[in-house]
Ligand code: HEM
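Starting off, we have a lone chain in the form predicted on its own, written out as structure tokens.
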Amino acid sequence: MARLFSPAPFVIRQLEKAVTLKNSAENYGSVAKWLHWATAVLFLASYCAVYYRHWFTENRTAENIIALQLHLSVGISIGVVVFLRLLWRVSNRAPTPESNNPLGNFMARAGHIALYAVMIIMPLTGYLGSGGSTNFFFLFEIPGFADTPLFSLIVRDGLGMTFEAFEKPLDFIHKEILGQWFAWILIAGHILAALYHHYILQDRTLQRMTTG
């Protein structure tokens, strides 16, 4: 007699997979992990594009413009991913800290807040300070902020500012303060803290965002 198919094991497996999508008290879920590592890859790609443009291309050449468009495209992608991360973060609990050290946990929270601030401010200032459109990965055009009705309403008519005057402080924040040193300090601190937890404290902090 043919063995009757029981859907119970299949349903249980699907439920187990669904449960791992969300964070638990012990681990980050699959969605949080993918969003975290997608942000890391996009930040690396953004820096590679902008450094390649400044170090290896001549101004206003085709190669220079392509590198700029890639930088802008990745920057917009970072903004979208960070927005999704924020939505997921407010709807999911964070795992319980591995450490019982109040000072260490406070510094970890402060570091994460600073990282989120940078991940929000850098794409925002990059877009608001863009005078031209972005050819998003050479698929379609996204108008620059200066070409939008919002710029005319708020900046030009409301504040009485030209784009050049509006762009200058944004460019300074985006490039000089955040891009050149502050973001790198936070990223380096984030990596060193993860390695410290993994190799010195030997807890599951790094594992929870990878294989946990």
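Residues carry their position along the shown sequence, with the first being 1. Note that this is a predicted model, so its numbers are computed, not measured.
There is also a form predicted in complex with this ligand; it is not shown, and the following applies to it.
- Residue in contact with this ligand in the predicted bound form (any heavy atom within 4.5 Å), chosen from L68, V155, A146, L170: L68.
- When this ligand is considered in the predicted bound form, Y28 lines it closely, a heavy atom lying within 4.5 Å.
- In the predicted bound form, this ligand sits beyond 4.5 Å of every heavy atom of W34.
- Contact between H190 and this ligand in the predicted bound form is found at the 4.5 Å heavy atom cutoff.
- Using a 4.5 angstroms threshold between heavy atoms, L150 stays clear of this ligand in the predicted bound form.
- Residues of 30-51 lying near this ligand in the predicted bound form, listed in sequence order, are H36, W37, A40, F43, S46, Y47, V50, Y51, the criterion being any heavy atom within 4.5 Å.
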